[in-house]
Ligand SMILES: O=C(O)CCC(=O)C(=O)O
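The data below hold one chain only, encoded as structure tokens and taken in the form predicted alone.
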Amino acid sequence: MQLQYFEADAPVLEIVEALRQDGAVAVKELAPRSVVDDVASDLRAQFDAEGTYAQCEFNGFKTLRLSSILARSHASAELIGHDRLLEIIDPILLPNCTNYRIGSTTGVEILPGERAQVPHSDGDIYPARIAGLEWQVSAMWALTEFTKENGATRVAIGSHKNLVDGRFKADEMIQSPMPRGSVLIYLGSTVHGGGENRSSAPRMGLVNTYSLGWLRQEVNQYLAVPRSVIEGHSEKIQRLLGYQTHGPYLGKYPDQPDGGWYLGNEAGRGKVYGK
């Protein structure tokens, strides 16, 4: 089993086909390095000040984490709302929803000496599985170079096809080394985990999940990202955060007409934004 890598300008349908087949793909250098460096710079001091809050047996004791990244880095919106990324996610999620939205945004920095993370599936936060339906898609951006030595994410190719018990062999886990600015895209049902950092330097990533619009989001974005910050983001990002209805009624705000959205206006009505 091998992870398939694609150039940034590869046909979207080819990437989507590989994602459906294997459960994970990597797109090389999809984002400008200047943007990636801006995000990494925005998060550096915050990792140092707050990053240990989520340390535990599952997350690791030598891994730093930050949540609600859109509240911490304005530049992160260029990765989270990257048009090419959303074009890849659209065919996976939009057949089963009117629009999709951000489930979580998490900065992850694996420090030297960290062990490999316990393999898991992000979609397991939802207590059911249905053949042929993905609850969400995840995207791990490399904010620094990902190597086999510094803890590049491990994935179990094909593990999304096992609806019975999710079992897989340990040797089926493969790593995803990739240059800074690249993104690993994997289905919510795909088994994966952070790698062991055997190097002398940390590796930093930004992982975002996108869930079907009629599901409860993993993180309550309306509380996690202050209103003053949300208003500074684009309409696309506001909609991805959940400031829109799903269909005419689900999530409706009383003072808005059918299809309206809380932070929007009449000009924004009628658009379908998974993106």
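A quick note: this is a predicted structure, and the numbers were derived from the prediction, not measured. Residues carry their position along the shown sequence, with the first being 1.
Just so you know, the form predicted together with the ligand exists too; it's not on screen, but the next bit is about it.
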Task: Joint contact, E17, P91 and L133 to the ligand in the predicted complex, by non-hydrogen atom at 4.5 Å - done: no
Task: Non-hydrogen atom contact K161 with the ligand in the predicted complex at 4.5 angstroms - done: no
TODO: Would you check, heavy atoms only and a 4.5 Å threshold, whether G193 touches the ligand in the predicted complex?
DONE: yes
- [ ] Check whether Y186 has any heavy atom within 4.5 Å of a heavy atom of the ligand in the predicted complex, and answer yes or no.
- [x] yes
TODO: Decide whether E114 counts as a contact residue for the ligand in the predicted complex under a heavy atom distance cut-off of 4.5 Å.
DONE: no
- [ ] Using heavy atoms only and a 4.5 Å cut-off, determine which of I157, V108, I102, L85 is in contact with the ligand in the predicted complex.
- [x] V108
TODO: Among 93-101, 74-82, 193-201, 124-132, mark the stretch whose residues have heavy atoms within 4.5 Å of the ligand in the predicted complex.
DONE: 193-201
- [ ] Go through 56-73 residue by residue and record those having a heavy atom within 4.5 Å of the ligand in the predicted complex; state none if no residue qualifies.
- [x] R65
